[in-house]
Every structure is written in C-alpha cells, then in structure tokens.
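This text opens with one protein chain seen in two forms, each one given by itself as structure tokens under the names structure 1 and structure 2.
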Structure 1
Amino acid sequence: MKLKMPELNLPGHPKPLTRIARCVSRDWQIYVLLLPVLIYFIVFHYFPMYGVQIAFRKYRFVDGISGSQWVGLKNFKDFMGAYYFGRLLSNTLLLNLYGLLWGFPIPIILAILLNQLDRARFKKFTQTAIYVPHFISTAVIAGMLYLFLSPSSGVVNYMIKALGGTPINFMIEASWFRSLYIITDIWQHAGWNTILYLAALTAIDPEIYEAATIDGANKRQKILYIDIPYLVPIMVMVFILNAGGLLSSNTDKALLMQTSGNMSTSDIIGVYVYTMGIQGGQFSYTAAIGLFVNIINFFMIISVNWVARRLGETSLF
C-alpha cells in the first residue's frame, strides 16, 4: 500500500499561484505597462507563426493555408538546388561578415572618445551630429549615393578628375557594391549605436577615475583598464545579437543600390525573396527561404552564445 504524503503549507512557503498573484497585486503598475508590449508580440509575432506552414505546402490563395497541398521539404530542396543558391548565400554572408568586421568596433571607439571629451557643449554637439544620419531614410541614402557618385556630375568623380584620375562609375562596378553598402551603413548607424556603450560608461563611478588619476594613470591607461573592462559585457551581448543576423540584410538598401552591372555582388537572399515572392507570387517558395534563413540565424546566435559562455562568464542566456 502506497502512503500519500500530506501537503505542507508552511507560512513562509506559499503556493506558486498564490506567490504569482501576490507579485502581480504588488507590482500591478509594472504589469500594466508591460501589457501593450506582450499584446504586440502575441498579435504580430506569435499569431503569424500559423502561416509558417505554407513553407511546407503548395500555397494557393483560393485553397487557403490549411487547404493547400502538403509538399513537405520540396520548397527547401528547390531553393538549395537553385542555380543562384551559391551566389546568394555567399553574397549575403560576405556582406554581413564584412559589415560586422568593420562596423562592430566603430561605435565602441566613438563612445570611448565621446566619454573622454571634457567640454559638455562640444560633447552634446558631437553626439547630435553623429546621431542625425540614423534618421535619414534608406531611399534618401541611396539617392545621395547616385548623386554624389555620378560619373558625370558627382562630387567624388569631380575630385578624382581634378587630381588627374579617371572617373569611376561606382554604382555600376560590382567590386564597389559591398564597400559602398558597408561604409554608408557605418556612417548612418554608428553614432546611434554608441548610445548603449555611452550608457555603460556613464554608469562608471567617478571615484574610480579619480583614484586612477591620483595613481598617475593617463587617458590611455584609463581607457585600457577602466573603460574597456566595463564595456566588455555589453560588447559581448551586442556581438551575439549581431551574429544572429549574418544572413539578414537591409533588403531595401540592397534593392535600391542594385544595378545591372553590380548584380554579381548585390544579389542577396533578401532581394531574391522580394523578386520571387512579391513580383513572382511564389509565396510558399519564399516562405521556405525565410524559414531557412531564420533557422540558420537561430543556430548562429546559439553557437556564438555558447562560445561566449565557455570563454567567459558573459552571455545572453
């Protein structure tokens, strides 16, 4: 005969539901503020997951999602067996790898330099100046590129001709696409990305700097032994998040910068999805491509997070 142990309701150990109810009643204002965010993610991020199944179907609008023919992994096989699969994958991966290599350290360097500025008015002016490009639309950025880099009337080619060089058609030559894309991306977003690092540097106790000054440390030593160690946890987390987007690019920008001449380097997965999905109406095929990209990005962020946790104690989870 099995004996049933009695439940112990100790005064200091309330039941889980009672404990949750007590927390909600105590901090209900915080949960009310959190509610719109939860509703947003449920409506726009979790409910749409029902439509992911069209990646495994031959979707027809008249049949609906559940009524369309189930084809399994056919759409994934078609994409991986496509003629341009290798070019699409390599172009997307290289574009994001180069962007991560050159774009990741720039906001850190800018934040450290801004933190070293003593004049408050000049510091505020500099921050505002580097934040402004973030608010320029992608279409305007692309228009500026075509205007400034025009082989006939562009400012850049005018300077090249003034120095005795030959005008370059930057927007046509495939070798210039990645450089232009990454440079403009850094110019547009590097200043805005310094906000997180500046917040971390602002949280450092001023007495630490005062003690370092008394010990005879110069600015370079303060950066090496105070600023950078404090920034390392933030740097690791931002790097992990960026690594989770190695197959995701700014499709709008690549599409606006794409020309017949630079197709060999500008043809990335996002542009291909737009061409085949929006223009070609192959919704199941492009849904499979999107799911493929998200799965790769998911494994990338898990892998980089695992490596970061093994090498140090800082990780996202």
Structure 2
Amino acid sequence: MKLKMPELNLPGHPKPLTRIARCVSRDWQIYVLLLPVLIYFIVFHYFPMYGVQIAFRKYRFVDGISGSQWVGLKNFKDFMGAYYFGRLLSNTLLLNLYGLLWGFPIPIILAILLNQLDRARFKKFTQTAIYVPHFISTAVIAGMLYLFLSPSSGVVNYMIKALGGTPINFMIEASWFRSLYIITDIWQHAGWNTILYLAALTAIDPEIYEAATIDGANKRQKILYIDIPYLVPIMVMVFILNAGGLLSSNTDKALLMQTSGNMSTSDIIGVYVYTMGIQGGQFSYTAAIGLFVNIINFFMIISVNWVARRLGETSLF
C-alpha cells in the first residue's frame, strides 16, 4: 500500500492542480478580458517570430516555412558580402545618429522653455499648436516637401531666387536627403515629444521653486538646478529607447523621399528590405537582413540599459 501524503491536503498546501483550478475559478474573468490582447500578440507578433526561421532556409512557397531547405547562415553571408552592404549600413546608422543628435535634445529644450512661459493663454495656444504637425501623415509630409521644394514652383526656391540665389533641386540632391529627413522629423514630432518632459515638470512641487526664489535664484539657475535634474530619469529612458533603434528605419518615410538622384544617401536597410523582399520576392534573404537588424537593436538596447543602470541612473528594466 502506498503512503498517503496528508500534508498535500492541508489548506495551506493545496495540490498543484487544485491551486491552478482555484486561480482559474477566481481570476477567469480577468483571463477572458485579457484574451483578445493575447490573441493579437500571439498571432501577429509571435507567429512571425516562428517564421523568422526562413532567414536560415531557402524559402519556397510550395515547401512552406518549416519545410524549406535549411541553408544555415548563407543569407546572412550573402548580405554582408553584398555590393551595397557598406552603403546600406552607414546610411542607416548615420541617418539615425544625426536624427538622435538633433531629435533628442530639442524636445527637452522646448519643454523647459515652454514651462517658463508666464502668459497662461499664450502657453496653452502654443502647446496646442506645436502638437498639430504630429497628426499629419507621412505621405502628406513628403508631398509638402515635393511641393515646397520644387525647383520651378516651390515656395522655398522662390525665396532663394528672390534673395538672388540659384534654385536647388533639393529632392534629387543626395547631400540634402538627411537634412530634409531630420528637419521634417523635428518639425513633425519635436513638439509632441515634449509631452513626457512637460508632465514631469508640472509634477515638480511649487514649493521647491518658491524656496529657490526666496534664496534669490533667477530663472536660469532654477532651470539648471531644479528642472534639469528632475528631467534626467526621463531623458535616460527616452535615450535607451532611441538607442535601441539605431539600425531600424522609418521605412515608410524614406521610401517616399527616395528618388533616383538621392539614392547614395537615401538607400537605407528598411527600404532595401521592402523593395527586395515585398516587391522582389526574395523572402529568405530579406528576412535574414531584418533579423540581423533586430538582433543588433536588441543587444544595443540591453547594453545601453545595462550602462544606465551601472551609472546609477534610471533604467528601463
């Protein structure tokens, strides 16, 4: 006869199965409410993660994802040996680096200065106005670029001519691509990106400012010694998130701004994946490029996060 294990039946130690059953009977309604979200993430995010294996295969439609021939790292080697590899890599990196260089500090400066505006109505109007460009689509932004920068009828070239200069055909000049890309990004999103910083600034206890005023601090000193230290944790968080995207690309915008003239700077990895993969049907090759980028981004974000934590500042996780 087997020994019974009475302690398992005590109230404090229910059998594992009973424990799960008890949790389900208590929490099942929460699980039901979470079900749609989980189904979405599993079907549209985790299924593709399973499909990533085609990066190591020679994908053929008839064979399917798991039936196609295994080729190991061939697709990755092909990409690294490709004629355009260096150009794609440096274009993507430079575009994101310059974008971070300008796009990271500007919202912080805007938030601090907006917070210093005394006139309540003007402040409110300004805040509303600088968010507006965020709601304009990428297609329209690109359209506005083509309209305003047109060498024959654009406003910008009209002004250049009026000032005595010669018109520039901005959209086919490779040297202008990055500047235009970053300027429009800032025009569109810098205002919007102040939200996080403004939220932190309005949460600062007014008594701290009062104490500083009594001690004779001027506005510049209040910004330097109160505002900025309060914003550091958010800066770190935003920086970590941005650092994780150094090789990713805003494919939709670059695709719209790409012309035959500016290819030498506008050819970035995301656009290459779209044209070679979706349009050209080279699924395995481009899936490998995508995976290459994702892995680098993943390690970037982990390492920047690690450094931030070591330095004693905030970290994401």
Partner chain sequence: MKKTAFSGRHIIKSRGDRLFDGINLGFWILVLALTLYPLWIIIIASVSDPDAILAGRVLIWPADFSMIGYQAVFKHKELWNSYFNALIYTLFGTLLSVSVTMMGAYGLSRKFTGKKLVNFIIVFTMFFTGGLIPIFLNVRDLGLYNTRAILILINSVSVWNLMVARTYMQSTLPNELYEAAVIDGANHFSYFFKIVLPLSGTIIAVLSVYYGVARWNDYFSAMVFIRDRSKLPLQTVLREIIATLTTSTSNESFFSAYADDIKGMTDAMRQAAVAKYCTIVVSTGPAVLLYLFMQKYFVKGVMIGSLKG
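Under this definition, the rigid core comprises the largest set of C-alpha atoms superposing within 1.5 Å between the forms. Just so it is clear, the structure is predicted and the values come from calculations on it, not from any experiment. For numbering, take structure 1's sequence and count from 1.
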| item | value |
| --- | --- |
| Identity of the form predicted on its own, given as 1 or 2 | 1 |
| Post core alignment: N294 C-alpha displaced by 2 Å or more between structure 1 and structure 2 | no |
| Core superposition between structure 1 and structure 2, C-alpha change of P48 at least 2 Å | yes |
